[in-house]
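There is one chain below, alone, in structure tokens, taken in the form predicted on its own.
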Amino acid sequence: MLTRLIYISDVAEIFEFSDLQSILEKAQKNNPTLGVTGFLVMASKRFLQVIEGPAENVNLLFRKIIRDSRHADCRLIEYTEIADRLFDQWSMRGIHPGLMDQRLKAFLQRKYGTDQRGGLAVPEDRFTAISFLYDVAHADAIVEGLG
């Protein structure tokens, strides 16, 4: 059974950009063996991540994430059985708004809003979160369309 899990968590107080790189590198190395794919966005001091794959392996990874000191207040947004993956192109890919094309960032801010500090808002409901993750994951097509 294929499963999609989406969660949001707060970034731990002490967190460096190298920590994000470490998370992504480890996931890219280990996830293919588990048959897991996904996408991670770090914005507004929050993580928003989707993980897709066999339920047992998705559950295993989520239990590790909950115990990871780089995450605080981990909240499950969606957990559902799926017929097909939406994020099958990456064992794990991630992005931070500071690395986004400015046209994409402006598009996302118009579509999803901004936080209290003017940064990119991270949606917390499942439908908006999946849309947000999909838009960011397919940014190349969006930027090309923005001209």
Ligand SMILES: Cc1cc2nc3c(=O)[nH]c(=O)nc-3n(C[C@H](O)[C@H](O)[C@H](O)COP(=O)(O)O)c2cc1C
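Residue numbers here begin at 1 and follow the sequence given. On a predicted model such as this, the values are computed, not experimentally measured, just so you know.
Below: the form predicted together with this ligand, not depicted.
**Student:** Taking this ligand in the predicted complex as the reference, which of 102, 30, 80, 114 has a non-hydrogen atom within 4.5 Å?
**Tutor:** Going through each option in turn, the one that passes is 30.
**Student:** Residue 95 near this ligand in the predicted complex, any heavy atom under 4.5 Å?
**Tutor:** Answer no; every heavy atom of residue 95 is more than 4.5 Å from this ligand in the predicted complex.
**Student:** Would you check, heavy atoms only and a 4.5 Å threshold, whether residue 47 touches this ligand in the predicted complex?
**Tutor:** Judged by the heavy-atom cut-off of 4.5 Å, residue 47 is in contact with this ligand in the predicted complex.
**Student:** Even though the partner isn't displayed, in the predicted complex is residue 40 close enough to this ligand, meaning a heavy atom within 4.5 Å?
**Tutor:** Output for residue 40 is yes: heavy atoms within 4.5 Å of this ligand.
**Student:** Heavy atoms within 4.5 Å of this ligand in the predicted complex: does residue 26 have any?
**Tutor:** So residue 26 counts as contacting this ligand.
**Student:** Taking 4.5 angstroms as the heavy atom distance cut-off, pick the stretch from 104-112, 57-65, 80-88, 117-125 that is near this ligand in the predicted complex.
**Tutor:** Heavy-atom contact with the partner occurs in 57-65.
**Student:** Let me know which residues along 67-83 have a heavy atom within 4.5 Å of this ligand in the predicted complex, or say none if there are none.
**Tutor:** The stretch touches the partner through 68, 70, 71.
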